[in-house]
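The form predicted on its own is given below as one chain in structure tokens.
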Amino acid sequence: MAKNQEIACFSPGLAGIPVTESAISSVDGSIGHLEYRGIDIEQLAEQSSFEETSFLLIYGYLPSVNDLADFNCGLRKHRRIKFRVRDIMKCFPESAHPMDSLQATVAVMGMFYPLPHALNGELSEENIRMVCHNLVAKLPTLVAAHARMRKGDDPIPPRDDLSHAANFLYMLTGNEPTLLMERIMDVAMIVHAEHTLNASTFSTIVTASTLADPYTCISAAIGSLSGPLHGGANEDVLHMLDDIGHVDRAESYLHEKLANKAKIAGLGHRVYKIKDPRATLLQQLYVELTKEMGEDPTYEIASRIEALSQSTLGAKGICPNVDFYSGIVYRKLGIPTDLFTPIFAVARVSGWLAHWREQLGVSRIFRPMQIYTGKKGESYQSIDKRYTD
């Protein structure tokens, strides 16, 4: 290929370049529409559960009553982590970020639940089921255990009588959540469970294409999610809202940011050109939560920023994304800010596993091209001739 042709094909960050086929989820950013396996996210948020949505993503169809009961039973059976994993976590420094802890412990899990070394894309359905149960069930336990252990507290064992969402909140706080808190956590997990080929999902399928074990694949995804350009944006939103401090300062803050052409946390998305449907759902969740837990001035500031930005940024397709309201919801539930991105992973692991499973049938390693911009035809010089005064 000629150099000019190479440059013409170059798209930084692979923007707009299809690299795989998938039947898992689809997004239409022009109208703000998201579907999992062809089902609208609003329908799943209103009528499904995280457990059922996970089954849909991983296996490709809505489960029967018996299918869902078996899947739920498997998840509850696999919530506990081995004491040796807890011992490893005890060695982490107290200052370790929860994402670093999660990435490390997921990688460690691969040694405790080994699969055939030469996978060849031929794992049995039993192997796949065990992997999915292990990772979906154990990630909440790992996050909650580290959150308590870093403060010197013992982890709270999971309870088999609670749903996935309720058990996670219980392990974090030691208190059984109300039905409303449980439902809000459940929906928050549903809307974060999958979103086509973002950076962490791409990391999953690239790693899976080498036939690496699934724990390595998910650990790679968590590593990608830990970067500030992918995960952590909801933390930035809360920091921004706290810095603004009062709704009366929202307008001047926005004008200052616009004047300096600075980014505003939680506004804008690579795909959506109107408001992210997940942001709308999370905003509705927050309003429901205030009926039980009272108002929060942070939300008033956020909604004011959104309203003020509609005529300027909104006209350019820069609108609230999923992170704009998720942090407000999580903080209302009493969750520490640095756990927001790990919670993203707790939910997204179902989508990552769906892509891992899909990739098993492809059997083609990713090997993209590059455009070389360095020197050519250089001669080697011995070390005594390289530098002269």
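All values derive from a computational prediction rather than experimental measurement. We call the rigid core the largest set of C-alpha positions that still match within 1.5 Å between the two forms. All residue numbers are counted from 1 along the displayed sequence.
This protein has a second form, the form predicted in complex with a small molecule, left out of what is shown; the following refers to that one.
Chemist: Though the small molecule is not shown, can you say which of A212, L197, V247, I318 has a heavy atom within 4.5 Å of it in the predicted bound form?
Modeler: Looking at the other structure, the residue within range turns out to be I318.
Chemist: Which pick from L313, M130, V108, I274 sits with a heavy atom within 4.5 Å of the small molecule in the predicted bound form?
Modeler: Checked against the cut-off, the match is L313.
Chemist: Closest heavy atom of A265 to the small molecule in the predicted bound form, within 4.5 Å or not?
Modeler: Heavy-atom contact with the small molecule at 4.5 Å: present for A265.
Chemist: Would you check, heavy atoms only and a 4.5 Å threshold, whether L229 touches the small molecule in the predicted bound form?
Modeler: Answer yes; at least one heavy atom of L229 falls within 4.5 Å of the small molecule in the predicted bound form.
Chemist: Heavy atoms within 4.5 Å of the small molecule in the predicted bound form: does A307 have any?
Modeler: A307 lies outside the contact set for the small molecule.
Chemist: Does H269 make contact with the small molecule in the predicted bound form, using a 4.5 Å heavy atom cut-off?
Modeler: Residue-level check for H269: yes, a contact with the small molecule.
Chemist: At 4.5 Å between heavy atoms, only one of the stretches 183-191, 135-143, 169-177, 229-237 reaches the small molecule in the predicted bound form; which one is it?
Modeler: In short, 229-237.
Chemist: Hey, does L258 budge by 2 Å or more at the Cα between the shown form and the other one once the core is superposed?
Modeler: Yes; L258 is a residue whose C-alpha shifts (by 2 Å or more) between the shown form and the other one when the cores are overlaid.
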